[in-house]
Structures are given as C-alpha cells and as structure tokens.
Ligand code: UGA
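Next up: just one chain, as structure tokens, the form predicted on its own.
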C-alpha cells in the first residue's frame, strides 16, 4: 500500500519505519529542517531502542522516502497519517495549529479522494472540525478517521508490530476498509484486537487510557506518602495489591510520578476539555495535583538530610530521562529535582545512559557530566537516583558506597532512591544510608 506519514516525530517515525519494514511504500513528510537533515542522513533525532536500525534499513531498501514536500507525498498515497505534535498551551489546552495547517495543505494538494487517519492526540471533536475544514478546501472527497496511538516509549516498535488494540473511529464504513486491511496483519500477529467505534469516542479513549494509567501512578504514590508517615513499606503493600488479579502489578511502582510528552499534557488537556464542557472531574484534578507534588520528593529527602542550604555540597544524579529506554527529558521528575538542587546551591554530576546530550543542551556548564555511572560518584556526598534504568540496578552497592565515602566528610554516604530500585537492607549493609519512596523509615548504614 502507498502511505504518507506527515510529521516524523516520535509517533510518526515509528509508524513510517514499521510500515515500510512490513513492505509498504511510505513517504515520510517532515517540515522541521534540522530534523529533516538528520533523517535524510540516516540518523534519528531521538533515542528509541531499535529505531535507528529500522529507519536505516527502510531507507536503504527504498521502502521509506523522506521529503518535505507534502503535496507530492499526498498525490502518491492511498492513506495519509497525520502525526504532528499537539503541544500544550499555557492554559492546558492542546495547540492544534500544526494539525490544521497540515490538513489544509493536504486538502489543497488532493486531486482525488483523500483518506486521513489522525494519530495525533486531539481533543474530542477535533476530527469532526478537521474533516469539515478539509472538505471546504478540497476539490475531492475527504474522510478523516480517528486512529489514536498507544505506543510506549522504550518499546514502541514491539507495540506497533503486535498491538494490544488498534482503535479506529469513523463516520464512514467505506473509509475504514483500507485501514482495516493495513492493520489486520499486525493485530493478527499477536493477541490484540481491532476496535471500531465512533469518532468522538475514539478521541476520548486515548485520554481515558492515559488518565487510568496516571490514576494508578498517583494512587500508589499517595499510599507511599502514607507509608513514610506511619512506618509501613510501600513495596510490601504493592505486593499485596499486585497479587489481586482485579488490580494487577502494572503502573503500581512508587516513585517520582509520571512525566514525558504524553501523560502530563493529556491530563491537562482532559481537564481543559472538561471545563469547556462544564463537566467537573475532581478525581482527575486530584491525581494531577498528587503527581505535581510527588515529582519533587527526591529533592525533599535531600533537604531533610542535608538542610535547606546546599552550597558547596556535591551530589550525583543517576537517570535524567522521564523513563528508562528513552532520552526524553520532557516533564521528567529528574529535571525538577536538578533544578531544585541547583537553586539551593548544590553542585551536581549527571549520568544517564541515553539522555546526556539532551541534558548538555539544557544545562550547559551549570553542572558536570559523567561518562559512566560510577565515575559520577567521585567527590559526591550522596547519590540521587531518578530513573530506573535496569543496568543501574546491576551495579554493586559496595562500589557505590566506596566511591561516595571519604574520611574527611562528616556526613555518611546517602543513597536517595527515587525509584526504589535497590534493596534498602542490602544498601545499609554496604555502608549507605538509604532513603527510598514510601519505604517507611531511613535505613542506616552498617
């Protein structure tokens, strides 16, 4: 099938590369000049496991073509996917300017019937408005289908190839046929399903799914706060919750809250939509407030241990991306932690397996950077762990304690574990003072 993907950000590039790898002829359209240069050179502008190799292979085989010319891509395509960004505005609403600009460009270049699938996360009713705007502009029939994405950063390729569900929302059964044919092989390769619903419900389903995940994260973190207050252990509480099949283990890890490019902006957009519809959503309001407070928890623990004034103290920070398997710093709790420590005068050495370049672009010479996790500890009085990279969990607690501990210091070596990655008892045996999230008490060294 001949396909165009307009917008080669995270969702669009994964979509384009995976479809090309499956044998389709894909035209990827990108208007950002810097990103376009990278892609034409065979490089990807962000980190996602396996994606660079997939893109290069698709380019080399000719299944994927990168261009900035949207009209050429449209003329040669049976289906066009819109995957442009819908970033949040200051009031929490979604900025749809890029989406409608792309839609109008598509309509202007269409010489025959045009099928557009919107994968961008958009407020309810957007596809109705986009279809109307495009039909006014186009000389041919235009059908717009809501096709929200459900890719998780760090495993996006697997999610695309074997989706749990593919959601299609449309007012036209005929418009769905090409998309059903396109997605059916991917769904049948796993245990997923094709879900065909009305267009507005498809738009809302994306927000509802992310809201449900965000609720679980905020709920477990609120219980973690109580655990710290009453001396219980959230990890033991979590075991009980996870053993109940009605609840399950997913998104129940206590930590520093959710971040990234999706959950925060989708929650604020959902709340904005509710206010516009004069519909109260107190539960969503509350989960967002809980998360905002949780993201600074690690800095709070450091201040409890070292005092309000941190001038002259050096700390190591492990993990900068909002989640492992990504280099994305957007809404990362690590960034809020770093900003608060810098505000209090601390000196910091940062390490992350994938996100150091993005951190350098953000902080420049205000902090130091380490090429390895252990080298980041040299000269530090404490380690703050913000992202649960699996390779960090494999490092020796004794090696961590040895590098933090120095005879001239009058404070013990601290490990502030924002993701409960390490065992507190083992950390104590290694000579570290351990503070986690919801572990109920400080675990002293020795």
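Positions refer to the first chain, counted from 1. It should be emphasised that the depicted structure is a prediction, and the values quoted were computed from it without experimental measurement.
Below, we turn to the form predicted together with the named molecule, even though it does not appear here.
Query raised in the report: Are 25, 179 and 187 jointly within 4.5 Å of the named molecule in the predicted complex, each by at least one heavy atom?
Result: No: no residue has a heavy atom within 4.5 Å of the partner.
Requested in this report: Would you mind picking the one in 98, 370, 158, 152 that has a heavy atom within 4.5 Å of the named molecule in the predicted complex?
Outcome: After the contact test, the surviving option is 152.
Requested in this report: With the named molecule left out of view, choose which of 81, 322, 315, 318 has a non-hydrogen atom within 4.5 angstroms of it in the predicted complex.
Outcome: Filtering the options by heavy-atom distance leaves 322.
Query raised in the report: in the predicted complex, which of 129-137, 205-213, 268-276, 300-308 comes within 4.5 Å of the named molecule (heavy atoms)?
Result: It is the stretch 205-213.
Query raised in the report: Quick one: is residue 257 in contact with the named molecule in the predicted complex, heavy atoms, 4.5 Å cut-off?
Result: The answer is yes: residue 257 has a heavy atom within 4.5 Å of the named molecule.
**Report entry** residue 228, heavy atom within 4.5 angstroms of the named molecule in the predicted complex
**Finding:** No, no contact at 4.5 Å.
Requested in this report: Please check if residue 253 has a heavy atom lying within 4.5 Å of any heavy atom of the named molecule in the predicted complex.
Outcome: It does: once the named molecule is placed as it appears in the predicted complex, residue 253 has a heavy atom within 4.5 Å of it.
Query raised in the report: With the partner left out of view, is residue 217 within 4.5 angstroms of the named molecule in the predicted complex by any non-hydrogen atom?
Result: The answer is yes: residue 217 has a heavy atom within 4.5 Å of the named molecule.
Query raised in the report: Though the partner is not shown here, which residues of 270-294 have a heavy atom within 4.5 Å of the named molecule in the predicted complex?
Result: If the 4.5 Å heavy-atom criterion is applied to the named molecule in the predicted complex, 270-294 yields nothing.
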